[in-house]
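Next up is one chain by itself, shown in C-alpha cells, the form predicted on its own.
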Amino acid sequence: MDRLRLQSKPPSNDDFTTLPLYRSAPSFEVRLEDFELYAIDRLRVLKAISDGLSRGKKPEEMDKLVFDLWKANMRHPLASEVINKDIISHFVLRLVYCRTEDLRKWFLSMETALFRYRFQREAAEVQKALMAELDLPYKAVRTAEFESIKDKLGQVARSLGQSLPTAGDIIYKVPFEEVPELVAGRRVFIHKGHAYVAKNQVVSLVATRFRSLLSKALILTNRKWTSTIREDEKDRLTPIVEALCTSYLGPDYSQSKEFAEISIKDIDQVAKSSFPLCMRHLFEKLREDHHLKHGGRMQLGLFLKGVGLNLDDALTFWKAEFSRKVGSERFDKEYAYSIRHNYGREGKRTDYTPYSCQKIISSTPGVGDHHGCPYRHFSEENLRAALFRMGVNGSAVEDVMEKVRNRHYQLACTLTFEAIHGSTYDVGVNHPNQYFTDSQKIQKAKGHSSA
C-alpha cells in the first residue's frame, strides 16, 4: 500500500482538545488512499457551508447544518482515528487551496466558519483552553471598571435583545480592531479604542485570531508547494492536489438510473421543461445552427447520454442535425466516431461521465463556442433574456443576478430551478444531470407528461 510520511507521533486525544488549531502538520504515515478520501470528506463539509452561507441561512440554521455535516462526513470506524482524520484532511486541503489567491480566500473563509461553529459547541473549559493555546492576552475587566461602563453595556445588550450584564459576567477588554465583525454589527461597546466583549461573543475574537494564523500559514504552504512539493511529488501527490479543488463530489451520472431512456420524439419537450440553462442553450443552438464545436458537442452529448439517450438514438439525433450543415457522409467520417467514443464503443472503451457544474464553470469557451456556464459567461443582457425565455421573471431574476454578481453561479442556477418549479431546492445544483433528474421528479409528481 502506498503511504505518505507527513512528518513524531500521531496526535491522540490526550494531545489535542476535540477542536484542533492546526498549528503544525502531523508527523505520521498516511495511506495515499486516505490522503484523498479524507480531503474529499472535508471538502463536502466546506462546500455545503459555502452554499448555506451564500443562501443566507440564519445562524441557528447554520449551526445545525455544520453539526449534521460534520457528523455525516467526518466519522471514522475507529474512534481513535477521528481526530487524525480531522487534522489530515485540513492539511491536505491547505495544500490544495494554497495555490492561488482566490483558492486561499475561499478556503480561509470556509475553514474559519467551520472553526467558529465547532468552537461554539465546545464546553467552556475547552473554549478556555483554546484561548490559552492561541495566546490571547486578554483578561476580564475588574469590578470597578465594569461598574463604570455597566450602563453602556446595558444599552448594547438591550439593542440586541439580550439580558443585561451583571457584575458576575466575564467581559473582555480588547483592541477594537481584533473584533471587526462585532464592531461592524454594533454589537459591542467601544471606548478609547477598546471593545468590551461579553463571554458569549468571544468566538468572534477567537475566530479572528484563527483566521489570521491560517492566512499566514497558507502563504508559507504556497511557498513550499511552489519551491519543492509540486515538482518532488509530480508523479504521486501533485495530480491529486491539482484535481481536488474542482472535484465533483456527487452521484455518478454516466447513465440514467432514475428514468427510462428518453426518445428522440420527446427530446424537445423534455429540453424545455427539465434542461438546465447550460444544456438548454446548447440544445437550442444546435437546433438553430445544426452544428456545435467540440466543446459544445462533448458537454451536451455526455449530458444527453446521462439523461437516457441511448447510442443508436444519439447517432440518429446528431446526424439529423449535422447532416443539414455538413452532409451525411462528412458526419459519418468526422463526427460519428466521437459519439460512439463517448459511449465507450471506440478507443479505450471508457464509459465517459457527464460534466459536473464545477467542470463546466471552469471551462473557457472561445469565439463561436456555446459551452461553459451561462451564469458565468453570458453578458447581463443575454442572461436576463435567457432567464425570461425559461419563465423566470420579476424579483426572481434579480435574485439570480445578485448571485451571479457575487460569482455564486451554482446558486444562481439553484434559484432558477426554484423559480421554474415553484419549490425550494435546498440541496443546490451541483450537476446538470442532477438538475434534470430532480426536475423530472417534480414534473412527474405534478402529473405532467415527460419522457
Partner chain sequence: MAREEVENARDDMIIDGQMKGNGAFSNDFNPNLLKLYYGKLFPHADLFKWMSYGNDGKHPACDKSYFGRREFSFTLDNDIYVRFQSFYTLSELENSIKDKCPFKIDIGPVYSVDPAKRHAYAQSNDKVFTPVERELVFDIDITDYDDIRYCCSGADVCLDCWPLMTVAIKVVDTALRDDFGFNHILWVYSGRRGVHCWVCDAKARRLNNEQRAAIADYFRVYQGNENSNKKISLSGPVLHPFLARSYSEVLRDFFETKLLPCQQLFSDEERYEKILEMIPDESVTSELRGKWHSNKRSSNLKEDINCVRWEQLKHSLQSGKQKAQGLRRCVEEIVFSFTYPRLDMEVSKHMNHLLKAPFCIHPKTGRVCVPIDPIHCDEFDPTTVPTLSELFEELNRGGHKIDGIDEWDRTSLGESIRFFRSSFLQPLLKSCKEEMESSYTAKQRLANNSLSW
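Positions refer to the first chain, counted from 1. In this text, rigid core is short for the largest set of C-alphas that superpose within 1.5 Å between two forms. This is a predicted model, so every value here is computed, not measured.
Note that the form predicted together with the partner chain isn't included here; everything after this is about it.
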Exercise. Should Ala184 be counted as a contact of the partner chain in the predicted complex, where contact means heavy atoms within 4.5 Å?
Worked result: yes
Exercise. Can you check whether Pro77 is within 4.5 Å of the partner chain in the predicted complex, heavy atom basis?
Worked result: no
Problem set entry | in the predicted complex, Phe189 touching the partner chain (heavy atom, 4.5 Å) | yes
Problem set entry | 4.5 Å heavy atom contact, Lys333 and the partner chain in the predicted complex | yes
For this session: Just one of 82-90, 308-316, 134-142, 154-162 has residues with a heavy atom within 4.5 Å of the partner chain in the predicted complex, so point it out.
Result: 154-162
Problem set entry | Listed residue (Lys234, Lys71, Lys325, Lys265) with a non-hydrogen atom within 4.5 angstroms of the partner chain in the predicted complex | Lys325
Seminar exercise, completed: None of Arg345, Arg121, Lys128, Lys293 but one has a heavy atom within 4.5 Å of the partner chain in the predicted complex; the exception is Lys293
Exercise. Any chance all of His281, Val367 and Phe378 sit within 4.5 Å of the partner chain in the predicted complex, going by non-hydrogen atoms?
Worked result: yes
For this session: Would you say whether Arg384 is displaced between the shown form and the other one, judging by a C-alpha shift of 2 Å or more on the superposed rigid core?
Result: yes
Problem set entry | Rigid core fit then Gly154 CA moved by 2 Å or more between the shown form and the other one | no
Exercise. Comparing between the shown form and the other one on the rigid core: C-alpha of Glu284 shifted by 2 Å or more?
Worked result: yes
Exercise. Versus the form shown, are the CA atoms of Met62 and Tyr375 closer or farther apart in the predicted complex, given a shift of 3 angstroms or more?
Worked result: closer
